[in-house]
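One chain is shown next in C-alpha cells, namely the form predicted on its own.
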Amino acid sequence: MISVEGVSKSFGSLRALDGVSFEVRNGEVVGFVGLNGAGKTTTIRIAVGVLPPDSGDVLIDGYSVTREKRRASERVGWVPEIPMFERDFRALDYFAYVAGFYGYSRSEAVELGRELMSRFGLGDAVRRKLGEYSQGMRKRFALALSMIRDPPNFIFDEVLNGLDPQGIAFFRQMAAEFRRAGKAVLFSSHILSEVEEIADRVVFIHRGRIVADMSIDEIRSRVGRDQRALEEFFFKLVGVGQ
C-alpha cells in the first residue's frame, strides 16, 4: 500500500506541492493525471525517496520514506520518466550489476536478466549496449530492472511515453497481473485513453493540489467512453478554458 500524507514541497518561491494526500491500496492500479508542471513527478520522486518533502510523509506498506527510507525503498519498484543508464554497458551486464546489490550471484542475475528481458520483448537485445537502445527499449529495460526484487508496490512516472503499441499493450497486461497479485500500482500519464483502460481509479492533480480522486466507473458514469468527452472532463477539472 502506498499512502501519500499531506506532502508539501517548494522550490524557492514556487509551491510545487501543497498538502497532497491520497493512497493506493493493495490490488489497485491508480492513474495519476495532470498537466505538465502540475506536480506529478515531484510527488513520485518524494514517494520513492529520492527527493525529501518539506512537510508530510509517504508510507510504503507502513514504512516512512523519511524516517525508514531503506525499508520503504525495499518495498517499491520505480521507473522514472526518463531512465538513464551507462551507455557503454551491455544490457545484460548492467542488469547483473544492479541485481548484485540485491544479493544475486552473477549466474543467478544473468538467468533472471534473460528471463525478465525476454518477458519485456528484449530477448534479442540482451548483448546490445544500452547506448544503442531506443527510448522505448530503455523504458522496457527499466521495467525489467524494477522487477528484480518482485516488490509489492510499483510507481511508474509517465511509463507509457516512448512505448510502441506493443509495449503499451504489454504494460496493460502487466498492470492486470499486478492487480491480481495484490500489488499496489501508481502510474502517471497524460494519455487519458490509456489511463481509462488500465486504471481502477484516477487521482487528478493541478498546481500542486489534488483536485479530484475518482474511480473509473464514476468517471465513465459521467462521460461514457468517448475520448473527447473524457478530455473535456479533465480540462474542466483543472480549469483549462474557463
Partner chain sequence: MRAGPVLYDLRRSVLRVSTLVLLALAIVAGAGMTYLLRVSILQGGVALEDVNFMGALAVTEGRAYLVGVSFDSYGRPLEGIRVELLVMGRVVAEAVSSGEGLVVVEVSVRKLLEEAAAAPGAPVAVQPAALPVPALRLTRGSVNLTASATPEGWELPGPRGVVSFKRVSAHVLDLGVRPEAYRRSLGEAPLVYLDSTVLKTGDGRVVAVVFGFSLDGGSPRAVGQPLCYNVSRVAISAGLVAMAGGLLLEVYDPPQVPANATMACRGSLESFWGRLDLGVPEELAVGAGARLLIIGVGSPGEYEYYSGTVFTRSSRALRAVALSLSGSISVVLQVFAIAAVYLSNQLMARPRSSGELEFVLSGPVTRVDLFVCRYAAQLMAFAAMTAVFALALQVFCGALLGVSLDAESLAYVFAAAFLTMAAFLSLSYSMASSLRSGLYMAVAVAAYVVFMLFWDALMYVVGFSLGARGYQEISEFASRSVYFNPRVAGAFFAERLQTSVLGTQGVLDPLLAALSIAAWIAVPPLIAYLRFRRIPLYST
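So that the term is clear: the rigid core is the largest set of C-alpha atoms that superpose within 1.5 Å between two forms. Here the structure is a predicted model, which is why all the values come from computation and not from measurement. Positions refer to the first chain, counted from 1.
From this point on, the text means the form predicted together with its partner chain, which you will not see here.
- Using a 4.5 angstroms limit between non-hydrogen atoms, residue 52 touches its partner chain in the model of the complex.
- Its partner chain is not drawn, but in the model of the complex it has no heavy atom within 4.5 Å of residue 132.
- Not displayed here, its partner chain is approached by residue 94 to within 4.5 Å at the level of heavy atoms in the model of the complex.
- A residue is said to contact a partner when one of its heavy atoms sits within 4.5 Å of a partner heavy atom; residue 190 fails this definition for its partner chain in the model of the complex, lying far away.
- Site residues 119, 150 and 186 are none of them in contact with its partner chain in the model of the complex, judged by any heavy atom within 4.5 Å.
- Figure note: of the listed segments 31-39, 190-198, 65-73, 175-183, the one touching its partner chain in the model of the complex, with heavy atoms no more than 4.5 Å away, is 65-73.
- This chain appears without its partner; in the model of the complex, the one residue of 112, 163, 125, 142 with a heavy atom within 4.5 Å of its partner chain is 142.
- For the partner-free chain shown, nothing in 150-186 comes within 4.5 angstroms of its partner chain in the model of the complex, judged by any non-hydrogen atom.
- Remark: with the core as the superposition reference, the CA shift of residue 95 between the shown form and the other one reaches 2 Å or more.
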